[in-house]
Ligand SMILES: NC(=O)c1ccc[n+]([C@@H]2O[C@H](COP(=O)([O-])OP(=O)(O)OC[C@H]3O[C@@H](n4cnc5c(N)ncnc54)[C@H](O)[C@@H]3O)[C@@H](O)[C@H]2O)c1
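In structure tokens, one chain follows: the form predicted on its own.
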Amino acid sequence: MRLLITGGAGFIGSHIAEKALAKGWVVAVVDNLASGRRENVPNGSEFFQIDIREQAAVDTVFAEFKPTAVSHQAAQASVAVSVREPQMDAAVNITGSLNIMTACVANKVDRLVFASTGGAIYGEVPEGIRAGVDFDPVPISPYACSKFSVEKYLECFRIEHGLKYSVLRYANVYGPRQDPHGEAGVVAIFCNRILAGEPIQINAKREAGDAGCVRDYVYIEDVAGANIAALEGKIPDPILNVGTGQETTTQQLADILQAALGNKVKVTPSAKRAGDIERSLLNADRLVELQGDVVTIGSGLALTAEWFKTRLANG
């Protein structure tokens, strides 16, 4: 397989690249390095520094590398940024994705795997419910709207052009190499601040002093593994939730990470942030059925904490 990974210098994309190389695939990475890091690109992969908003540059990469499959991870991934700059969000997430889709069709790419969002698309998930792919989407941020739009474009491209695709709706992804910006940046933020002995803040679910918002945190290895399986055509579903189905509050996250990092810091309660979803939880039963058990929050955070500690020790 000749795999092109957009956003491959980023947190998730670089882990997919490593797994693909380990399977003996030929890998190329596309990234504009706006948030990705050149050092994240694993040895053995080809690197193209371009912006997916530039159709001509995208077309040149496809013509030169000739991919048989594409993992589309590149995105403007911050809800807050999307609210401030909705035009930019749409340019990256919608126009950029259309450039990739168009190039896939023109170059007869076998399969496109798209990184979507479960956390943002489903909106508020009521108590006692886990959002499955049949849950009515309620995209209330420009970021969620742009991701949902691309899902619809993909179905259009399948009908009109025969483009095979898989949509993976991520829960809040965390793990080694995580950037503090993005949907699940709180894990990286907490790790950095706890190791530095700095206070951390619990944004309220409803009122300052509560345990904070409920999230489904999924470990990077499970996310990268789902991407590889989808690229291999082993996930028959057009849309798949990639999460754990396990709810974790921000307070629980803080407690687990302080224990794992061996450092207690001041925890400051804060008011609810405007636009924060109170409860987001995915139904991941189908992922487990296809891929086996997922990494638990305790095990995943322990591995993540160890990586952050090692990075600090190595300067």
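Quick caveat: nothing in here was measured; it's all calculated off a predicted structure. Note that residue numbering follows the sequence shown and begins at 1.
There is another form of this protein, the form predicted in complex with the ligand, and it is not shown here; the text below is about that form.
- This chain is displayed without the ligand, yet in the predicted bound form the stretch 67-75 from 229-237, 122-130, 67-75, 186-194 comes within 4.5 Å of it by heavy atoms.
- Not displayed here, the ligand is approached by residue 53 to within 4.5 Å at the level of heavy atoms in the predicted bound form.
- For the chain shown alone, residue 258 is not a contact residue for the ligand in the predicted bound form, no non-hydrogen atom being within 4.5 angstroms.
- Not displayed here, the ligand is approached by residue 12 to within 4.5 Å at the level of heavy atoms in the predicted bound form.
- In the predicted bound form, residue 215 stays away from the ligand, with no heavy atom inside 4.5 Å.
- When the ligand is considered in the predicted bound form, only one residue from 290, 33, 267, 271 comes within 4.5 Å through any heavy atom, namely 33.
- Listed residues 150, 101, 115, 144 were compared with the ligand in the predicted bound form; 115 is the one with a heavy atom within 4.5 Å.
- Contacts with the ligand in the predicted bound form, taken as any heavy atom within 4.5 Å, map to no residue of 298-315.
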